[in-house]
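One chain comes next, on its own, written as structure tokens: the form predicted on its own.
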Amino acid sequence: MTGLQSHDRDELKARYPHVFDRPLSSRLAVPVVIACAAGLFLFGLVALEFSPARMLAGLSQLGWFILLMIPPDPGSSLPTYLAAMGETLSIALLGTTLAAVFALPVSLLAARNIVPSNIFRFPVRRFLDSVRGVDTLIWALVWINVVGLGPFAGVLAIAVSDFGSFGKLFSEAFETADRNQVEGIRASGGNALHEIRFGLLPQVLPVIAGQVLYFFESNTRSATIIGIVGAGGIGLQLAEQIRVLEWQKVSFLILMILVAVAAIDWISGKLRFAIIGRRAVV
């Protein structure tokens, strides 16, 4: 048995020498990458002035803030906070919906199996990359200066930011769709629009719906952040209470945000699983 295994090993070694006798550069690639990553990490700690003493001092200060936040108390501002929370949810929902509606037709132009010519597809993809490369908070600051303070700026910020992300994700969903259905429609005499409407869309719509639901959950948090810079919603209330050092109200607002995000996560998760289950049945 040992001789047979040795013979087989020698035969495999002769047949595939690049597997058994790897060059030195190939053997050193992984250790070199790990060493470079460790060196970059240490350089980052030094460049950013990381200090264990400052960390410990910050943790003690954080503990003091937590004590000031207990117990959470909205005071007489509960109706105002509930209205602000509703405004934040509205910003997230409307911004996500607008982004999905406008990104869907543009994503068709960015999909390789729909627009084969790179001459037309390349500028669309780079446009989506440019829009997606700017963070939602930056878009909020831009739109606040364009349309003024308030939730409208927040809706536009989320819509523009998600437009780039949705365009990329939707186009990738179209590219990974099964070609058999498209070819069947083409064989039966359908044109290009029929191929998209009856061959591609039924396949990718459940995927797109799941992505939109996830982004709505994520945008609830984003709407809170952009509210701090003046886009309305619960974030504006949170920034105001932090400014006046009302820590009990701050903790209550944070709890409201956590509960809202958890509820949206649970609901969107149920909807995603329902969509996936329906797709499997179909």
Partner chain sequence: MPVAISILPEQQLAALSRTYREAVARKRLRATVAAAVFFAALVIAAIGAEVNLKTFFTYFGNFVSYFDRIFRLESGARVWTDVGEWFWGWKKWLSLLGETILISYVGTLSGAILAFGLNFLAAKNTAPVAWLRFAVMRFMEFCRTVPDIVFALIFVIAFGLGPMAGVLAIAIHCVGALGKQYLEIVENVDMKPVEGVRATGAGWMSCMRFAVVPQVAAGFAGYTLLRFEINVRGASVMGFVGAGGIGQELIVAIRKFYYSDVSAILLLIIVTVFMIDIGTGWVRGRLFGADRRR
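These figures come from a predicted structure and were not determined experimentally. Each form is matched to the other, and the largest set of C-alpha atoms that superpose within 1.5 Å is called the rigid core. Numbering follows the first chain given and starts at 1.
Omitted here: the form predicted together with the partner chain. The next part is about that form.
Heavy atoms of Asp178 never reach within 4.5 Å of the partner chain in the predicted complex, leaving it off the interface.
Residue contact with the partner chain in the predicted complex: Leu193 places no heavy atom within 4.5 Å of it. Under a 4.5 angstroms non-hydrogen atom cutoff, the partner chain in the predicted complex has Thr97 among its neighbouring residues. The partner chain is not shown here, but in the predicted complex it comes within 4.5 Å of a heavy atom of Arg132.
Look at 139-147, 105-113, 170-178, 74-82: in the predicted complex, residues with non-hydrogen atoms within 4.5 angstroms of the partner chain sit in 139-147. Relative to the superposed rigid core, the position of the CA of Leu59 differs between this form and the one not shown by 2 Å or more. After superposing the rigid core, the C-alpha of Leu255 moves by less than 2 Å between this form and the one not shown.
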